[in-house]
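Okay, so here's just one chain, in structure tokens, the form predicted alone.
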């Protein structure tokens, strides 16, 4: 990292908590690789302090911020402008402070689609996709999937049907491409028909690495690509199950790095080295880079 000075521009992430985040490691690696006079830091912000934090961005001339849990939705009411993509998704994960205006973006959909193509080898997505979960991450992923005309059917499976139905109605109001359902012992047939399975739930995340979102992994099959957005641990039980079934496993670190790279480009106008960002995140997790 370059010597900090009075000219150094500040980037960061706000959330509560933020002690676990890999974003400072990733972005500072990109800053160092490009020789930019920036620094990226984590700011713990309690929900009740969000308004003051946004005022602080303006007062301190912070160039841009990532936004993580629990602020992705609440922050929207405090911004001057929201990109059409972020408004449709219903969440902001990136704030661009430009000419005194705070502009909200969402780079999660971009990150997952780039990861599917570049890490999963999917130049073209399959006709049928199964998406597990109906939370905030699922919303961005479903938005990205629906931008791909080759995807004809998305089975949206959640533990509770009402959340899946609400998300399907929000992003596919005519009900032409998204079929909501429950994730239970009867969902294996639906998953088995998919060429792509995406887990957007936290099942399998540390400290519960032995949990899988699939009640029955026998629905996994050769030729299927399985993306788990969990990246700690890097290889979840679901990805081990996918590998054993002959499917292609894709870990969540690619999505993390690529959504971060998109935010970095918004702030700086420069494309960062994604592999350097991924390697820094691996080191942060205590894993050797490939």
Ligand SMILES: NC(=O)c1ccc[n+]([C@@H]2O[C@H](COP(=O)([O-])OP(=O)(O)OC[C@H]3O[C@@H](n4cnc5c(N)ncnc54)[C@H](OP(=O)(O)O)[C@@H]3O)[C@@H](O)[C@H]2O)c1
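Numbering follows the first chain given and starts at 1. Remember, it's a predicted structure, so these values are computed and weren't measured experimentally.
There is also a form predicted in complex with the ligand; it is not shown, and the following applies to it.
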Region of this chain that lies against the ligand in the predicted complex, out of 48 to 56, 217 to 225, 31 to 39, 248 to 256 [heavy atom, 4.5 Å]: 248 to 256
Partner proximity in the predicted complex: residue 145 to the ligand, non-hydrogen atom cutoff 4.5 Å: no
Contact test in the predicted complex: residue 159 vs the ligand, heavy atoms, 4.5 Å: yes
Touches the ligand in the predicted complex: residue 163 (any heavy atom, 4.5 Å): yes
4.5 Å heavy atom contact, residue 205 and the ligand in the predicted complex: yes
Single option in 154, 134, 95, 86 placed near the ligand in the predicted complex, where near means a heavy atom within 4.5 Å: 134
Listed residue that, although the ligand is not shown, lies within 4.5 Å of it in the predicted complex (heavy atoms), from 65, 230, 261, 238: 230
Residues of stretch 185 to 201 in contact with the ligand in the predicted complex (4.5 Å, non-hydrogen atom): 200, 201
